[in-house]
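Take a look at this single chain in structure tokens; it is the form predicted alone.
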């Protein structure tokens, strides 16, 4: 409840100071109600592939997202955007993300992808595995390209897994909290890693499995990161 209230207050504070544009349009939509059952909320699962882990120094290589409504993943909403980078992709990054310089050069400007993402995300809760990455990079991009920071309600599938272990008084085995390992725990199929869209879909399916496993059914405010 406290996280939801703090987030709503920040949204209103940012809205009051935001110029006209896509960032203001996003901030003008209230967060879903705190008492809403998680199963009744609308979500958007997001994954970013980046050149590193620091939003202040590294770039977004690609974005993938898909909407989730209740227990249903809307595959028609799925989007995958490769970003036209300011510089060349490093050999290490190209190996990890399988995106070449030519593909990046033909990609969309980050601002265009960001505008599309915010339009899809308005009124929804973000789902991500280790959501700090997605929240940090989206906020940094909004500050750089859209005039200021952003407030996004988020559910973190990694955080939910840690909470479950705490309730069971168990500790995590090495590697057991990775997205693929947690999916295996719930008998979900294996997807290729380091593709933004497949990782977004993987996080969406993991979230629904965690939700189905939860007892009693949680409220949204109790699951926010």
Partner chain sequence: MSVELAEIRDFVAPLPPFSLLDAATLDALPKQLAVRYLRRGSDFPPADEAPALYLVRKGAIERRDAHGSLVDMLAEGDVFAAPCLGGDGSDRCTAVEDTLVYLLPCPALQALRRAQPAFDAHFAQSTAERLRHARRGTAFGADETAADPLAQPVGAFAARTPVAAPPTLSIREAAQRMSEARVSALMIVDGERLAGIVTDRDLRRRCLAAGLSPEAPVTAIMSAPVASIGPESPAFEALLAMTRLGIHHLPLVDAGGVRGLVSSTDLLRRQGTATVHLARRVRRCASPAALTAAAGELPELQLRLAAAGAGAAQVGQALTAIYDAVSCRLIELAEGELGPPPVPYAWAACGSQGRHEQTVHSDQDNALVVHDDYRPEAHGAWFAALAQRVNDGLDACGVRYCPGRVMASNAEWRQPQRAWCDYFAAWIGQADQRAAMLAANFLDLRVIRGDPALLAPVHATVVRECAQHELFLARMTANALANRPPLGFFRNFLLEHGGAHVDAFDIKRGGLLPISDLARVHALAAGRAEIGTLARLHAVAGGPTLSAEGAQELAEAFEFLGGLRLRHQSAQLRRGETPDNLIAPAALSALERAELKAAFAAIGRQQAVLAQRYAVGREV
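Positions refer to the first chain, counted from 1. Nothing here was measured: the structure is a model prediction, and the numbers come from that model.
Omitted here: the form predicted together with its partner chain. The next part is about that form.
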Would you point out which of 67-75, 144-152, 129-137, 107-115 contains residues with a non-hydrogen atom within 4.5 Å of its partner chain in the predicted complex? 67-75
If you check in the predicted complex, do 53, 171 and 178 all have a non-hydrogen atom within 4.5 Å of its partner chain? no
Since only the chain is shown here, I'm wondering whether residue 197 would be in contact with its partner chain in the predicted complex (any heavy atom pair within 4.5 Å). yes
Residue-level contact is defined here as any heavy atom of the residue lying within 4.5 Å of its partner chain in the predicted complex; does residue 124 satisfy this criterion? no
Using heavy atoms and a 4.5 Å limit, would one call residue 29 a contact residue for its partner chain in the predicted complex? no
Tell me, yes or no, whether residue 40 is in contact with its partner chain in the predicted complex, where a contact means a heavy atom of each within 4.5 Å. no
Within 196-217, which residues come within 4.5 Å of its partner chain in the predicted complex, counting heavy atoms only? 197, 201, 205, 208, 209, 212, 213
